[in-house]
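Just one chain is shown here, as structure tokens, and it is the form predicted alone.
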Amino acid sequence: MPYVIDDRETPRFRVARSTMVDAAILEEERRNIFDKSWLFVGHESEIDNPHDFRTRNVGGRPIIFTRNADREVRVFVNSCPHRGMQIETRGEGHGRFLKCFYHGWSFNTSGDLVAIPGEDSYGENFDRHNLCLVRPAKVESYRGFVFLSWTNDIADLQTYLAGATDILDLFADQSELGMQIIGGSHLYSVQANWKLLSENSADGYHALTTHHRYLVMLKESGKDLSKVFAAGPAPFMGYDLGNGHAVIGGADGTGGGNSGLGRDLSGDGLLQQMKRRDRFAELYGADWANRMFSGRNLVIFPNLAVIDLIMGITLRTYYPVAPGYMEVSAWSLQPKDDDPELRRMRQENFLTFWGPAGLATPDDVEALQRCQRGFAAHDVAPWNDISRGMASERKIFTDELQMRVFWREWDRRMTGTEHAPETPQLGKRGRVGWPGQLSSTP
């Protein structure tokens, strides 16, 4: 049985539910997807100073993310070359040396082995230079977003990101001083398959039903939700960015003080937001500024979501531990030069909307976990249907183009099946507005 049925004539798009429960499929995903993709490590602002470091798991492997004495970004496998022990267990820290607790081997932040207790006992031919910390095959950065690849057999990062670079530019351009990760991390787990979160992170269809209680709260607080969900001349739409990446987003942010799905700004906060939009219009042009002050949900294949609903930017990664269990990490990205009122509101929304104990994420977690429980019947109910919008010329945000983009790339990686794009794939195009211009050119 195929994993994906991509029927363009009916049209209909179906995905086998066995892909969500089969341990053998997960092992293939580790080899064919996570070991052969560019995976998000972190943002350069997390390690502002030489010898700052962060630790996390990327593609199922523990890593150390740091800067050396020359301020160069470095990524190492968090495993001592002596006996394999994890060198750092702290999530973050600062230090010129990374010292193994087991036998005291020490490394600098360039990964060099600099000290071994009792080194004389190894003999005069011992070469410590062959015992540096292991590095991933490749590490590259785009606009402050750092990625690694566990294989050399992969295109450079910008080629891999394709049209997603244009969307990352929208995030990075929101500050003249640069963007930065604020505060700590949200770390939580979900008893569901990891691919469900790739779907959910750019799914506009579920908002009105799954997040109904949150929307009722906003409405009762005085927010005009008709402005948020208005289907005007340039509504949120879905786009294929190439290589499995997709986005839903809008082009019209002329009402730039509107805080998207967050609580509205105060009078002073609204004024500061409008000043920022006017400043960016001077720097980049009105079309780019309008697009910037709209919102967007970006999914970079396979497992990075960057979500900007005007009320703040969330970065999210998620990795499978088992077919029905994933671990999620999330961070808040904000402009370094943000007005205090705007920063307070963005951070409050990060906690109250996207936080694991907030008003939206628990809804999503519950929905995905119920899906996973439903997949127990995959032998008699074998298919998910992801066909919404296939018959439509314009793919609005409540359609499912973005999920189909993900699954076509997933199927290509897993089975070698080539799927023709459903819509023109949007490569790196520079600072142009959309949807009008982007929908007309391949």
Partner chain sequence: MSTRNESAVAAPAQMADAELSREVELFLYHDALLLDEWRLREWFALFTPDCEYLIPTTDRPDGDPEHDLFFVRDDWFLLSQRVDALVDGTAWTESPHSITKHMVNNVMAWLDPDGSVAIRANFVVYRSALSTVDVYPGSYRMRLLRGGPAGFEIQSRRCTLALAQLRPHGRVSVIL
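Remember, it's a predicted structure, so these values are computed and weren't measured experimentally. Positions refer to the first chain, counted from 1.
One more form of this protein should be noted, the form predicted together with its partner chain, which is absent from this view; the next part is about it.
With the partner omitted here, the stretch from 31-39, 63-71, 370-378, 396-404 that lies within 4.5 Å of its partner chain by heavy atoms in the predicted bound form is 370-378. Taking a 4.5 Å heavy atom cutoff to its partner chain in the predicted bound form, the contact residue among 110, 86, 272, 352 is 352. With the partner omitted from this view, the residue of 287, 169, 92, 140 that lies near its partner chain in the predicted bound form is 92 [heavy atom within 4.5 Å]. Contact here is defined as any heavy atom lying within 4.5 Å of its partner chain in the predicted bound form, and by that definition each of 182, 185 and 363 is a contact residue.
Its partner chain is not shown here, but in the predicted bound form it comes within 4.5 Å of a heavy atom of residue 325.
In the predicted bound form, none of the heavy atoms of residue 134 sits within 4.5 Å of a heavy atom of its partner chain. Residue contact check for residue 332: one or more of its heavy atoms lie within 4.5 Å of its partner chain in the predicted bound form. In the predicted bound form, its partner chain lies farther than 4.5 Å from every heavy atom of residue 178.
Taking its partner chain as positioned in the predicted bound form, the residues of 334-367 that bring a heavy atom within 4.5 Å of it are, in sequence order, 343, 344, 347, 348, 350, 351, 352, 356, 357, 358, 359, 362, 363, 365, 366.
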